[in-house]
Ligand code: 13P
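Single chain ahead, written as structure tokens, the form predicted on its own.
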């Protein structure tokens, strides 16, 4: 299967009630660990590159590295732009060979979010790429008590059908109580709101801010319509803790191996938890 758009795998996930993870990468070691986990678990997966990484001088080279390695994967792997900040940034990602892009217009008015998302969908579909958008605003875990915990930014279910119909978007990230990064407090996921949204559209729905959610919250979210889950912070924290624990005894080369091992093990945990293990083959 190798490098491919994740669209078919996510549509299957929606039908069969499992979720495909997006793991954000930052370098070769994290990428290698993720790819090894996808292979060992026989699972589809998404390697995400956060939009800010496109500003780094090695962005094109890192994207090329990920593409080449993903082409050798035995199961479907997508390279996806995470939280693209503009249509131009999405174009750049596609020029670099990304298979899918996320355009995040969640801070814009509904009308402007629709217009810009529709423009991204048009040129991405011409290249065979799928597009994810965000409706509502997920926000940051550090602001959780003043934002998400007060239900600020939550997706309005009454706008979902219009947004999907007018943009033609393939996947939709929604705000139902999660947040990016580490939470100030505990996440409170509104499962009833999620069910309401899922009942109105049939495209795959994405949950951002997976770090810090309890296993039962993941299971309830998937059972209620989530087909894609983004995780990053937890993976990097686990790798950092593992490397720090042996800092005085290990060389740089051993650190590289430990980092890849940590990403593999933690990614494998999420593949099992989300039900993606064993779902990489044809159906």
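Everything numeric here is computed off the predicted structure, so don't read it as measured data. Positions refer to the first chain, counted from 1.
The same protein has a further form, the form predicted in complex with 1,3-dihydroxyacetonephosphate, not shown here; the description that follows concerns it.
Exactly one listed residue, out of 204, 209, 84, 76, brings a non-hydrogen atom to within 4.5 Å of 1,3-dihydroxyacetonephosphate in the predicted bound form: 209. With the partner removed from view, the residue among 97, 181, 168, 153 that has a non-hydrogen atom within 4.5 Å of 1,3-dihydroxyacetonephosphate in the predicted bound form turns out to be 181. Note that among 210 to 218, 53 to 61, 246 to 254, 30 to 38, the stretch whose heavy atoms approach 1,3-dihydroxyacetonephosphate to within 4.5 Å in the predicted bound form is 210 to 218. Taking the partner from the other structure, 1,3-dihydroxyacetonephosphate in the predicted bound form has no heavy atom within 4.5 Å of any heavy atom of residue 227. The closest non-hydrogen atom of residue 232 lies within 4.5 Å of 1,3-dihydroxyacetonephosphate in the predicted bound form. Residues of 19 to 49 placing a heavy atom within 4.5 Å of 1,3-dihydroxyacetonephosphate in the predicted bound form: 24 alone.
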